[in-house]
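Take a look at this one chain, the form predicted on its own, written out in structure tokens.
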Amino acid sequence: MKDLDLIVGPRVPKDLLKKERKRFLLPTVFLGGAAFLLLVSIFLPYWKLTLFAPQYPSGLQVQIYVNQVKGDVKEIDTLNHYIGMRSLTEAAPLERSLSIFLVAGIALLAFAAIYIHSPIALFFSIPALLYPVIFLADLYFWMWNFGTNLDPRAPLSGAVKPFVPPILGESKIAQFKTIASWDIGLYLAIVASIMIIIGLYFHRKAYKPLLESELQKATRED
């Protein structure tokens, strides 16, 4: 068995594919579906923050996409200025500039795993599997960075101690109240991760017997 065959895995005989089409279709459906959901998530918000203040009783809202911030950004930045927090648009500059290419690349790797009929498919799928956790970890880092590095020259700096805004749930800072929630883009990414786990399970069921058969055949020939 050639080294390339060990990486790519055995090809499915046409007669077996015709006989057990569902067995080999399930990994394609789940891994391909996960890749599609990740691509769709690029165009949808991942995280939402609603801020309530005395002068804004109905609340202000911002939505975080993988590459941009939308909503009442100017108004919230003005309020944050009083407690010494930097503008939301200054967060994650590198991540936002590369995000579309990175997420698309992660999705393509997950899709490529369909054509890898060996355990190497797991390594192709790991980035997409871990992506929601990576996004939340990066979001938390920037919330921590902004909340613990307040400008001491701000008008209300003495009234607010360094803090870490939550990435989920409610919090109160001085006279402000915030509610953070995950949005549809992140939920799609989480569903994609679940689909990858299921897809890898069916992938193993479909291709492990073929790979073992090829290895046994190669051993006998040697």
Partner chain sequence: MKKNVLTRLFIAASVIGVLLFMMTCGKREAGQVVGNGDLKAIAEQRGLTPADLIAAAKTYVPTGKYDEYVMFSSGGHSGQVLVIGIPSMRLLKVLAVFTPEPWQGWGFSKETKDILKASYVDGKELTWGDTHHPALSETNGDYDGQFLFINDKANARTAVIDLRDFETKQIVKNPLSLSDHGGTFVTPNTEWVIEGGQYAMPWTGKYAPISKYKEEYRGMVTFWKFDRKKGRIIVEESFALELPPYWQDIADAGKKVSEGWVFMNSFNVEMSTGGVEKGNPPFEAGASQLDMDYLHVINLKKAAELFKAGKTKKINGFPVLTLDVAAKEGVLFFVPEPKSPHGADVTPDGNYIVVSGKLDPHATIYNFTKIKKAIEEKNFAGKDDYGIPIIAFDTAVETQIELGLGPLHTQFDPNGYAYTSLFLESAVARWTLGGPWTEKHGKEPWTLVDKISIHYNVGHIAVAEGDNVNPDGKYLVSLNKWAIDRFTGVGPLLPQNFQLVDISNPNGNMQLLYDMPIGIGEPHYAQIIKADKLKSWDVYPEIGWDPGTQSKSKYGIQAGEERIVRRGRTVEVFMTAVRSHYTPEHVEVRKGDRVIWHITNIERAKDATHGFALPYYNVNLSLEPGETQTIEFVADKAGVFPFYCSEFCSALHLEMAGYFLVKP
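Being a predicted model, the structure only gives us computed values, none of them experimental. Residue numbers count along the first chain shown, from 1.
The same protein also has a form predicted together with its partner chain, omitted here; what follows describes it.
Shown without its partner, this chain lists Leu79, Ile116, Leu150, Leu136 as candidates; in the model of the complex, only Leu79 has a non-hydrogen atom within 4.5 angstroms of its partner chain. Of the residues given (Pro155, Pro162, Pro54, Gly169), Pro155 alone sits with a heavy atom within 4.5 Å of its partner chain in the model of the complex. With a 4.5 Å cutoff on heavy atoms, Glu75 counts as touching its partner chain in the model of the complex. The candidate stretches are 97-105, 80-88, 122-130, 136-144, and the one lying within 4.5 Å of its partner chain in the model of the complex by heavy atoms is 80-88.
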